[in-house]
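Listed next as structure tokens is one chain, alone, in the form predicted alone.
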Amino acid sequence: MLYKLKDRVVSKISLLVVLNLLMFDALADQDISHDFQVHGFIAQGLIDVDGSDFVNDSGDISTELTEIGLNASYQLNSQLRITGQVVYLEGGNRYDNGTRVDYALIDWSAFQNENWQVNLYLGRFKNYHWLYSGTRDVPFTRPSIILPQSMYFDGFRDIAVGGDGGNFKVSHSSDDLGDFDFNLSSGTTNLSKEQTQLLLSELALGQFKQLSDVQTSFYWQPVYSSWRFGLSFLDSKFEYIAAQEGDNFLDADLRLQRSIINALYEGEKWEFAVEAFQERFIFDGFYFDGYHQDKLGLGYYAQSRYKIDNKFTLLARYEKFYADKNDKNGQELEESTGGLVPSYFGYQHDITFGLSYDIAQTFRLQFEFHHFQGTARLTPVVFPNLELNDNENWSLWAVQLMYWF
């Protein structure tokens, strides 16, 4: 097993080196002006999970902790900018492995003066409504390798990063009241067969579609304050179209509504972050004709980071998630399935400790340990894997080396 792991690591490192050289070679052949900017990142790590299929079904140490990205922007004129990012990801059961375009958009600066800024983003836009939704796609801008799964569920990674449509943003700066940001977006994300089965089940042979996704957010940073406070709301609709032959499930309609509050403090040494949300999940069909589910979920996390010096940063996080806030211990879930689904599929809590070390200006080594109780945020969610996830308590450690330019 160790020899196989060593071979996989060596092969992946070789691939990363080649890609890195190709990136720099491509950039060297171009006459890049100040209007054109190119950046990228490469992150590779090891992850080991004990007691769940969070990454793989075998439970072995995995190298599926790969993130490679290249982004570029070009300033067409004083009002128009085009920008985009393509990434290659390997995360095992966390999300669909492979290449995707995270965003590709036109940024129109419609109005600007000393106090106001109005922008319209068209195309595949980014989600800036949550604390880390706008930075989760770049490894060195995240506070941890694995984000809080209650809020930033990896199974919904590609849906949550952004969508195809438009985003409207208004920023206002007041000398008396502080800085204000308002965002309104509407769009959809195309889901592949692999993403469908990751979320629903490998038994799902049909097509999973996102019909709409409307989000809005409001942020306020008081004058001379290191705190920033936010509110955001989400309303997303989906449908499942069963395959005409051989499907194990029926047509279904799904709706997810979420209300979020958050706060972020960024000081010289300390950083504090907290996000709490309530989400409504409505589910009709899928299992059998007439099936209906309408429940309110609840989640939150509190996180602290301390910068020891210019190189070392410590992290600690406490997180809670309940799939149904009226059934926090999951007993009703277990009883409603005749004992088939254990109660611990109704919640998932996490305690995280982490450390990051900046080896150089563009190199970072990050390590973290998670202890989980419950399995409500494992994939697939709709039809969970009961055989592999037969432990209420499970844990993981991960280490990742990051480079960016």
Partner chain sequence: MSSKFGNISFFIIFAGYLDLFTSRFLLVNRDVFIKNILISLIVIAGFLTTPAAYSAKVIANTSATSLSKSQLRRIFSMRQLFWSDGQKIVVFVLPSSHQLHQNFSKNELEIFSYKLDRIWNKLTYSGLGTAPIVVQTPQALIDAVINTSGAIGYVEDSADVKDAYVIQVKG
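Positions refer to the first chain, counted from 1. Given the structure is predicted, the values throughout are model-derived calculations rather than measurements.
The same protein has a further form, the form predicted together with the partner chain, not shown here; the description that follows concerns it.
The three residues 37, 181 and 224 all sit with a heavy atom within 4.5 Å of the partner chain in the predicted complex. For the chain shown alone, residue 319 is not a contact residue for the partner chain in the predicted complex, no non-hydrogen atom being within 4.5 angstroms. Of the heavy atoms in residue 344, none are within 4.5 Å of the partner chain in the predicted complex.
Interface membership of residue 245, defined by any non-hydrogen atom within 4.5 Å of the partner chain in the predicted complex, is ruled out. When the partner chain is considered in the predicted complex, residue 134 lines it closely, a heavy atom lying within 4.5 Å. When the partner chain is considered in the predicted complex, only one residue from 153, 277, 121, 249 comes within 4.5 Å through any heavy atom, namely 121. Among the residues 259, 304, 112, 207, the one placing a heavy atom within 4.5 Å of the partner chain in the predicted complex is 112.
Partner proximity in the predicted complex, defined as non-hydrogen atoms within 4.5 angstroms of the partner chain, places exactly one of 66-74, 347-355, 368-376, 43-51 at the interface: 66-74. For the stretch 152-186, the set of residues having any non-hydrogen atom within 4.5 angstroms of the partner chain in the predicted complex comprises 169, 171, 172, 173, 175, 179, 180, 181, in sequence order.
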